[in-house]
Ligand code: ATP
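Given next, in structure tokens, is a single chain: the form predicted on its own.
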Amino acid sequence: MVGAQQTMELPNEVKNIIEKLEKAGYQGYVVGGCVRDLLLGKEPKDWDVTTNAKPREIQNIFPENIYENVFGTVAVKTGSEDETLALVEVTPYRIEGKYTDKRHPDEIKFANKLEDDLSRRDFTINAMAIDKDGKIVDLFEGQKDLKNKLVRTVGNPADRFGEDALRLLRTVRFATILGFQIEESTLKALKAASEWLAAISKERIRDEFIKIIESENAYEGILLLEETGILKFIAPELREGIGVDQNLHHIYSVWEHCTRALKYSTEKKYSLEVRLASLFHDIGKPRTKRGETHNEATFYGHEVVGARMAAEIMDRLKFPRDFSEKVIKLVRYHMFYYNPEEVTESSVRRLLVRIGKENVEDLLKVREADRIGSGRPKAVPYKLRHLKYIIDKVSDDPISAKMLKIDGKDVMKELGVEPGPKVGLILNSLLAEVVENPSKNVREDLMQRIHDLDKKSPEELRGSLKKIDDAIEREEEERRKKYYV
């Protein structure tokens, strides 16, 4: 085994585990991602130890443990107040059989040598170990690849990807997060094997995709996903924008515009929802484009089509419903129209009703990303600053049924009815009226108004809220004509 000149200082909790293993006659090494992080000068998020002891033997040495997996990993309780050290995973050396499903080994065998365990790992930078004295075991030149900022597989890349197709996406993830390049033969094999990702569950793909988008190099990550042929297994809809020119308001293609919008939201350290909405906000443009020249091209309704496409992506990748609904809403309403001379406070209240007060800041962030992604010099021009002022001004006005001076109990008591859909329809109808004129939000007046609304059919009551949608649609149409704030 090759030992490096430098040594690394290990936490006492980890040292104690290795020392107890050795005292019992076994080997013990820190291994994997924590070694990589230490060498990069980063604080490890967790600690892993590998050993030639078997699971039962590990449990005997460390009675305080958790053991409930098929890989032989025993989580040893250290009693540390540091969350990253409170549980240290101790796993036997192992070798793995064939991967028939390109995801899980058909069988796992415990090994006796550290070399066997390191040789089964994915990348050289993840295949290093450290003994209790801090000496590094580096059989595959992982330190050299760290220095040269390369992601390289251990051994033959085609074999590594054939064992576990998720490694294709992990390659891009590590390159993105670390700001590394993918080594040439690894990249070539990755491109050739990209189709194998079809065998991977959408949940696992989603989790890797999230890590890429949440990294500070998300823009480079998206470009790399496209370069490697992997993007079509995540969000093929994004690829429809490649080479699709826009109009006079844009200097980039749809693809370039969306990815640059992501870049801006990443640089601003915006939330995952905003980053995804920025990436997806114009995804509907290729399907709605009319006219080929810069002077003629239009994309009417692309925000509606784009919201549906974003919904399909989020559903396919099995994002949580609440999370998905927010991203979809941000895409749907990113084209909101606002001109200080034309738009009233009631129109701003209508917008808040539709997107939710809790989402308005994020919607403005998506608009900023949209502007910068178009090549415009200012993310927040006067009109957007003025809009923020109006939003603050009307923020205490009623924009949800919960802000009305009466509630469902009042409606049921006044009308002598049981809980049912009509109660909600009446409250929403009252809200539609109060949004237009907040001075109507007076308890006595609302209680009187309940009786008038009770005489209307459910269809008529639903029409009250539709008026808000219709008004927003008219304002969006104005925006489409003028196109940009």
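Note that residue numbering begins at 1 and tracks the sequence as displayed. This structure is a prediction, so every number in the text was calculated from the model and none was measured.
The next section is about a form of this same protein that is not shown, the form predicted in complex with adenosine-5'-triphosphate (ATP).
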Self-check item: Three-residue site Lys45, Arg121 and Arg167 fully in contact with adenosine-5'-triphosphate (ATP) in the predicted complex at 4.5 Å by heavy atom
Solution: yes
Quiz item: Here the chain is shown alone; which of Phe174, Tyr333, Tyr270, Phe233 has a heavy atom within 4.5 Å of adenosine-5'-triphosphate (ATP) in the predicted complex?
Solution: Phe174
Practice problem: Find the only residue in Ser347, Thr186, Asn126, Thr259 having a heavy atom within 4.5 Å of adenosine-5'-triphosphate (ATP) in the predicted complex. | Solution: Asn126
Exercise. Determine which one of 235-243, 113-121, 145-153, 310-318 lies within 4.5 Å of adenosine-5'-triphosphate (ATP) in the predicted complex, judging by heavy atom distances; exactly one does.
Key: 113-121
Quiz item: Is Gly424 a contact residue for adenosine-5'-triphosphate (ATP) in the predicted complex, using a 4.5 Å heavy atom cut-off?
Solution: no
Quiz prompt | Contact label in the predicted complex: Pro438 to adenosine-5'-triphosphate (ATP), heavy atom within 4.5 Å | solution = no
Practice problem: Check whether Pro55 has any heavy atom within 4.5 Å of a heavy atom of adenosine-5'-triphosphate (ATP) in the predicted complex, and answer yes or no. | Solution: no
